[in-house]
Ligand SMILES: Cc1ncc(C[n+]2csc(CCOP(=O)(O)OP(=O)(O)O)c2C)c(N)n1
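Starting off, we have a lone chain in the form predicted on its own, written out as C-alpha cells.
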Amino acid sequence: MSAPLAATEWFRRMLFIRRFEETLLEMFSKGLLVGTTHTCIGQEADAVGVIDHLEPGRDVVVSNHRCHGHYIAFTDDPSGLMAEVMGRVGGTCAGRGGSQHLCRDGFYTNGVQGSIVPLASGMALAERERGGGGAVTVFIGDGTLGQGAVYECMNMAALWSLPLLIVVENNQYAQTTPVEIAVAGSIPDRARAFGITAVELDGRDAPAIHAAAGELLSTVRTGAPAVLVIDTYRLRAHSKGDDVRDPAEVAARERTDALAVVSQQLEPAERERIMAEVESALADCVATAEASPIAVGSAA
C-alpha cells in the first residue's frame, strides 16, 4: 500500500489530468481530434487515489469510455494518449484505437458498457492462477449497474476468490439520466449480497479514496474481491455538448470538487508554481504529439 500523498502531489496529478481533458475539448472544437472523446473532468481523484497503489507490469487496469485519467495515472504516458486521440502514429495504439480503445502495459479500455467486467474477471482469474499477487481493477459507472453481466461477475468473483476490485464511479448521471431514477436501493449492498466487501466514499475527499483503495487492494491481492463506490460528479458534458443539467448545479459542484478542496490547502505561490509547471508539461505533450506523423487511413 502506497504512502499518503501530500497536498502538492494531489494537486499536481489531478490538475494535469484536468488540464489535459480541457485541452482535448478545445482541440475537438477545432477539429484536431479523431473520433469522439469523453472527459473525466471532476473525477480526477478517483484515478489518482486508486491507481497510486497499482504497479504496471504486475497489476491490470480495465477502463471504459471515460478512461483518460485512468490511463495517465497508470502509464504516465500523456504524450502517447495525446497522439492517439489525434490519430498520430506515435499514439498508444499507433493512432488507430482512438479515445476509447487503448492498450498498453496492462491497461485496457473498451467503450461497451458492462462488457469490461467479464473481461476483467477473466484477467483476475488468470492472475489468481499465476500466483504473483497481481490485482485487476475495473472502473465502471453508475449507468453500467443496469447490466446483468456485472452481477454474474460479482457472483463468480466471490465464488472463485478472484483478485478483482470493481470501482464504481457514481458521477450521478448515466449520460443524461439521473442516478436516483435509474438505480434502486444501495449500490454497495448490491455487492454485499454476494458476500463481497463494499465501501462507499465521497469523491470530494481525495485522501479517503487513497486510504480506502489501499486497504481494499491489500485484501484483493489475497483473493478477496471488493467494490469501491466513489460518489463523484462529472463537471462537463457526457461527451462534448450533450448536457441538459442545470448550470447552477454544475457550478456548485465545481466549487467543492476534490481539486478545488486540495487547491485551497496550498499557499498561493505554491499553487501558481505547480500550475505553471503543469502548463509547460502539457505544452510539451501537445508538441510531441503534433510532431508525430498522421497515421495512414486516419481521419486527422
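Computed from a predicted structure; not experimentally measured. Numbers for residues come from their place in the sequence shown, where the first is 1.
As for the form predicted together with this ligand, it is not shown, yet the points below apply to it.
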item: Residue contact check: G111 to this ligand in the predicted complex, 4.5 Å heavy atom; value: yes
item: In the predicted complex, F194 touching this ligand (heavy atom, 4.5 Å); value: no
item: This ligand contact in the predicted complex: T92, any heavy atom under 4.5 Å; value: no
item: Close approach of H238 to this ligand in the predicted complex, 4.5 Å, heavy atom; value: yes
item: Segment assignment from 220 to 228, 82 to 90, 136 to 144, 157 to 165: heavy atom within 4.5 Å of this ligand in the predicted complex; value: 136 to 144
item: Interface residue in the predicted complex among A174, L216, V150, L201, criterion: non-hydrogen atom within 4.5 angstroms of this ligand; value: A174
item: In the predicted complex: members of 50 to 68 within 4.5 Å of this ligand, any heavy atom; value: H65, R66
